[in-house]
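Here we start with a single chain on its own, the form predicted on its own, put down as structure tokens.
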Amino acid sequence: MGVTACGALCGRHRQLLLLLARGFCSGFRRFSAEGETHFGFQTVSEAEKGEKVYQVFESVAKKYDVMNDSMSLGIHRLWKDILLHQMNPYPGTQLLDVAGGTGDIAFRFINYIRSQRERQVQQKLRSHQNLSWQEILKSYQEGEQKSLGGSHVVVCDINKEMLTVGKQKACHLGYSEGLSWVVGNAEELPFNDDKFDIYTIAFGIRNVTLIDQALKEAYRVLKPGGRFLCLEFSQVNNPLISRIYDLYSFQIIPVLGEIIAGDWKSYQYLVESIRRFPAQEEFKEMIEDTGFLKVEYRNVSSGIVAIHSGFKL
């Protein structure tokens, strides 16, 4: 009886060990298939990064604009203006702004198009010197009714909190015409192929888990002849400025995050994510590998940020 019981017990042990081994291997295979990536300086699974990034921007959404001004000393506004001037959109342009929840690029786009339309109306009036007062008034009224000339911007962001902040700003600032808001993932955009003239992503692509996939989606939704524009923190090319920038980034920005937003960790991540993002030449190659042509980049503020541009030809 003792031998039989011992044999049965050993058999059960073997079965238990086999089940544990199978479970471990299955879990390992799932983790391996899922892949690893980085969250700042941490190594995490791809699914975990998506969740963590979402939590970061959910946490900072309400203080996002204030923190941008504090961290960049207001210079981020100039960088975004430079992006719009490089874009140089014309009336009728269809823009997709990805990861643009707070509306900074969208509002600038609308302002730029309105300015272009006003210039067109004035040029039209100058070319017709003999118009009556009624005809001049009619031209201005028509210009106001079609102030965007058919242009439209879609703001797409995965984070609902960021979109909420953007919608509130739009309402407060009086933006309504030619503007829509969509919840969507940069890696799987909810739009048809060949839909937009321009795709922009400003300070967002470094937070995407699968950057290659986001670039493919950008290519897919652009019309033939469409343009990809990315404004992102990059690699500083001046050694002295680089040392000062590192000191400011790691010693000052997280402290500002704690003081202004009560969130040290989120701003520590944002600083670390900048250092993990590919340098200018490497990111240029990634864009080219996607299929974009005439790819180039422009360093701004000694490479603290760079604007990458490419065309779907």
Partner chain sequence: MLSRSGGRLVASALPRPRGSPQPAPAAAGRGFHAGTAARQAADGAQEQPKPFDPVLLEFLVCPLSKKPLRYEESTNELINDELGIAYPIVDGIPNMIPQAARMTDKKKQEEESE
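Remember, it's a predicted structure, so these values are computed and weren't measured experimentally. Residue numbers count along the first chain shown, from 1.
Missing here is the form predicted together with the partner chain; even so, the following discussion is about that form.
J.: Work out which of His152, Arg206, Lys80, Lys216 lies within 4.5 Å of the partner chain in the predicted bound form, going by heavy atoms.
T.: Selected residue: His152.
J.: From the list His76, Lys195, Arg108, Arg114, which entry has a heavy atom within 4.5 Å of the partner chain in the predicted bound form?
T.: Of the listed residues, the single hit is Lys195.
J.: Report yes if all three of Ala261, Val271 and Phe277 come within 4.5 Å of the partner chain in the predicted bound form by some heavy atom, otherwise no.
T.: No, because Ala261, Val271 and Phe277 lack any heavy atom that approaches the partner chain to within 4.5 Å in the predicted bound form.
J.: Can you say which of 217 to 225, 83 to 91, 232 to 240, 67 to 75 gets within 4.5 Å of the partner chain in the predicted bound form, counting heavy atoms only?
T.: Only one stretch passes the 4.5 Å heavy-atom test: 217 to 225.
J.: Using a 4.5 Å heavy atom cut-off, state whether Lys169 contacts the partner chain in the predicted bound form.
T.: It does not: once the partner chain is placed as it appears in the predicted bound form, Lys169 has no heavy atom within 4.5 Å of it.
J.: Using a 4.5 Å heavy atom cut-off, state whether Gln120 contacts the partner chain in the predicted bound form.
T.: Judged by the heavy-atom cut-off of 4.5 Å, Gln120 is well away from the partner chain in the predicted bound form.
J.: Applying a 4.5 Å heavy atom distance criterion, does Leu173 contact the partner chain in the predicted bound form?
T.: No - in the predicted bound form, heavy atoms of Leu173 and the partner chain never come within 4.5 Å of each other.
J.: Leu163 near the partner chain in the predicted bound form, any heavy atom under 4.5 Å?
T.: Heavy-atom contact with the partner chain at 4.5 Å: present for Leu163.
J.: Listed by sequence position, which residues of 184 to 202 have a non-hydrogen atom within 4.5 angstroms of the partner chain in the predicted bound form?
T.: Going through 184 to 202 in order - heavy atoms within 4.5 Å of the partner chain in the predicted bound form - the hits are Gly184, Asn185, Glu188, Leu189, Pro190, Phe191, Asn192, Lys195, Phe196.
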